[in-house]
Ligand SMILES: Cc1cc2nc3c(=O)[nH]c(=O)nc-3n(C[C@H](O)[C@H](O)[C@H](O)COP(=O)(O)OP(=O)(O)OC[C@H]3O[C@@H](n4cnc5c(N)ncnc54)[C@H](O)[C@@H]3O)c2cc1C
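This document opens with one chain alone, in structure tokens, the form predicted on its own.
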Amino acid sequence: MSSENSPADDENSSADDARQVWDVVVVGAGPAGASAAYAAAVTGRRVLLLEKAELPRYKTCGGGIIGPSRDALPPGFELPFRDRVHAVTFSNNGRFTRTRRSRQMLFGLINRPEFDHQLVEHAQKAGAELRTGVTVQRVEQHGSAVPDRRTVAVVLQGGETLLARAVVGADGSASRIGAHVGVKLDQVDLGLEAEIPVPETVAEDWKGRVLIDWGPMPGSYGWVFPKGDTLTVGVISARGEGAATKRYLEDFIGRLGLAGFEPSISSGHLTRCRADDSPLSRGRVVVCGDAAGLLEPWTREGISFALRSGRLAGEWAVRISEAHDAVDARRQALNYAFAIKAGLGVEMSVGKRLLTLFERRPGLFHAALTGVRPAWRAFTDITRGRTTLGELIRSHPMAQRALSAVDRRQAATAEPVAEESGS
């Protein structure tokens, strides 16, 4: 696709062509990177999307697509749903099980290889160029590899160097670009997951219904997401509880009656949440998605955060690429950070406070979601994209008072959350 070039584009066109300078290089082709590449490419800029794996590739993820994820997708994107959820079964460490149902779809379930690959194809159709099987070792904004102050050097494994006017880091939770920016993490959790093929009779019992189980360790929970003839079964808890997390998954699978079925894939993944003061940019480099530590701290939902932050990163990377000097580039990068903090940052702040309350009183959450109509309505409104956590708390004085009480308790005690009562 093409668009009108700015005077700066005309001025540097021939020089850029000679040195093969990309307007935007995006590192990582997951939802965040593909969204960033799409957002930059639709403006007509020269965009390169780099991915170390060959696509499609597996990713440890429940694959739930809630309303905010749906609303952040490119126009014309058709979600490859494997199931549509109309019911949620809640249990508290295997007890007090109750199922709540809805006539309208709550959210959809996808397999990440299909979903991610489709996002990349949309970025390519918008004009982005894709290179797979390449690993980025580092980025440089100073030194002999950088021809001028308007350029970033992207150094690949093997020594090849690419040049760009702006770089978007979307290379996952162990991001090298995030390390360059100086991303600081406030919360790290371990997720374990098994993809379990099941007979048709078992699959039929789960069709249209998910299970959420509040787990035995503070802040932990498990899930069952049906996807046709396969159940995605997983658990998540704070890092440092690896053996207990593994036992939880084994026990969870066993009490569901699924221990006799051999998983096709068993995997693990660390999720990382950014600290409140963590940077989102450095010079002409910005980060988004997992690379920036952007996800909801309580549920650890990351797809919607990846899609939304990726889109913003792509849009602001275009502006950074057009900046004439370091001051202008920094101004555009700060605008990107402000946009992230004003939206996703607010949701993360509320999510952190909810996690603190959930760690101490999981039974309270279970009782509310299974027995209090406004709580269930809030859950359905969030999953459908009618509201966000931030908007929900702002509009409910009782919720504000509950979270304020959590804040006061945190300020008044130096005891770690893990030593608090579990239920």
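Predicted model, so just to flag it, every value in this text is computed and none were measured. The numbering used is simple: start at 1 and walk along the sequence shown.
Heads up, the form predicted together with this ligand isn't pictured, but that's what we're talking about next.
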statement: The stretch from 373 to 381, 38 to 46, 350 to 358, 58 to 66 that lies within 4.5 Å of this ligand in the predicted bound form, judged by heavy atoms, is 58 to 66
- prompt: What is the one choice in 181, 136, 73, 256 with a heavy atom within 4.5 Å of this ligand in the predicted bound form?
  reply: 136
message: To verify the annotation, which of these, 269, 122, 311, 82, has a non-hydrogen atom within 4.5 Å of this ligand in the predicted bound form?
response: 269
- prompt: Is there a non-hydrogen atom of residue 152 within 4.5 angstroms of a non-hydrogen atom of this ligand in the predicted bound form?
  reply: no
- prompt: in the predicted bound form, does residue 298 have a heavy atom within 4.5 Å of this ligand?
  reply: no
- prompt: Any of the heavy atoms of residue 366 lying within 4.5 Å of this ligand in the predicted bound form?
  reply: no
Residue 213 within 4.5 Å of this ligand in the predicted bound form, heavy atoms: no
Stretch 194 to 232: residues contacting this ligand in the predicted bound form, 4.5 Å heavy atom cut-off: 223, 225
